[in-house]
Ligand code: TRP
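One chain comes next, on its own, written out as structure tokens in the form predicted alone.
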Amino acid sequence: MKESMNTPRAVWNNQFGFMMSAAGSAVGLGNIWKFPYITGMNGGGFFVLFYLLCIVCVALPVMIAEIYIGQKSRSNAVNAFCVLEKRPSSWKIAGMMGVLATILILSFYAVVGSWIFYFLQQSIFGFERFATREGVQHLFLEMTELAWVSFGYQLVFILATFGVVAAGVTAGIERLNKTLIPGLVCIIVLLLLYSSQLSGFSQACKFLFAFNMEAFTAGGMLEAVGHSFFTVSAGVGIMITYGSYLRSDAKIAPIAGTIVIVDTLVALASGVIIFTIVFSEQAAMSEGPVLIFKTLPLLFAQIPGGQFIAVMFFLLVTFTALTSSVSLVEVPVAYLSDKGMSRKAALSSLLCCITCLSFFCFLSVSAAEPLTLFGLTVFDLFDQLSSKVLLPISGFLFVLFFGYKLKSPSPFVELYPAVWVRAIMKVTTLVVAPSAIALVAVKLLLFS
């Protein structure tokens, strides 16, 4: 299918706008509720060093490959392969898997988004409910048992996300990220300064950065590889889509490097902040929803200035959730628009689809008898299908296409003028990255 020529393709106002938008996609909930925990439990400093190596050898090559495919094709994540091969291409199946993955992720992400919105509202107007374990537990039960509360906030999250995308690439997505990402960084700095005054600060730093070789295992290595790949939004076509709006003279490699640096610093800083609070109050370590919605709210009520810190923290989480969800919406919208559908019609169709699918995810965690398929709740099914199947396979195919199919002109010569850098990136892109992604895919499918 040829790209629709009804309207000129959008272009980012400048490279900063693209960097902020790509960083907004990369900085997600995994930076806050997963990375700190897996770092501390897998060797601290050793894990961080290996993770940084994975960022350079796995995440960065995949991100550069996706941005390059988008920039050169100036097309969506599916049609990009046909444009670059100048013929119908079977490689477009990778892009189709990415589009499907974004729809599934959005559907269950909206449920989590509703919890975030609700806890942000409670941190402002109902902070006294954070004071006891029973109060916090009741808050979470409200979100999982009171349908009108939970699905209402879910709709607010969905509408907020689609409202941004409806405004367009520059007036909506770029403007949002230019505002929220600097705001996110300011909140992180503020929380870091606050954390440095608490008793658990040094213990948190030791937990995250001390070199504990005994805890650094083969399983931890695979955890680092997997998280480095997923944390930069690889495998879903977001970077292909965002790259297609990038000017042809933009330098991809330094831009991608800046994005992964921002993403990594946010993850590390979040770890210091969260575990400073945890250790200051001698609470149990946890990850995921338990950490964000059950452990931390209770701890906020115990520390000086707790309400202000709670509001700042849930604002931080809200920013990461919104910027990530907006990038997920743009992938299928760009695909439908390039197939000839108007952007308004594409947004309307996708809005109906996501609202319906997210309602089933909502029922799978909120109903008295959870809705299940194949022995899993719909929420877990969508999560596992996207993270364990679609993302690793599509990301694997993206990097193979970039490394082995794009021959003339050579992308490596164009991207890396320095011969020694080109040699290193060839090895990481052609050998290290696809091998690592394949290992992660096997681990996810067989051992988790």
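Owing to the predicted nature of the structure, the values given are computational and were not obtained by experimental measurement. The first residue of the sequence shown is number 1, and the count goes up from there.
The same protein also exists as the form predicted in complex with the ligand; that form is not shown, yet it is the one meant from here on.
Stretch-level contact check against the ligand in the predicted bound form with heavy atoms at 4.5 Å: of 23-31, 54-62, 397-405, 411-419, the positive one is 23-31. Put simply, residue 328 is close to the ligand in the predicted bound form: some heavy atom of it is within 4.5 Å.
Taking the partner from elsewhere, residue 391 is found to have a heavy atom lying within 4.5 Å of the ligand in the predicted bound form.
Residue 81 falls outside the set of residues with a heavy atom inside 4.5 Å of the ligand in the predicted bound form. Under a 4.5 angstroms non-hydrogen atom cutoff, the ligand in the predicted bound form lacks residue 71 among its neighbouring residues. Proximity to the ligand in the predicted bound form, defined as a heavy atom within 4.5 Å, singles out one entry of 195, 270, 231, 154, which is 231. Listed residues 150, 295, 337, 324 were compared with the ligand in the predicted bound form; 324 is the one with a heavy atom within 4.5 Å.
In the predicted bound form, the residues of 234-271 lying within 4.5 Å of the ligand by at least one heavy atom are, in order, 236, 238.
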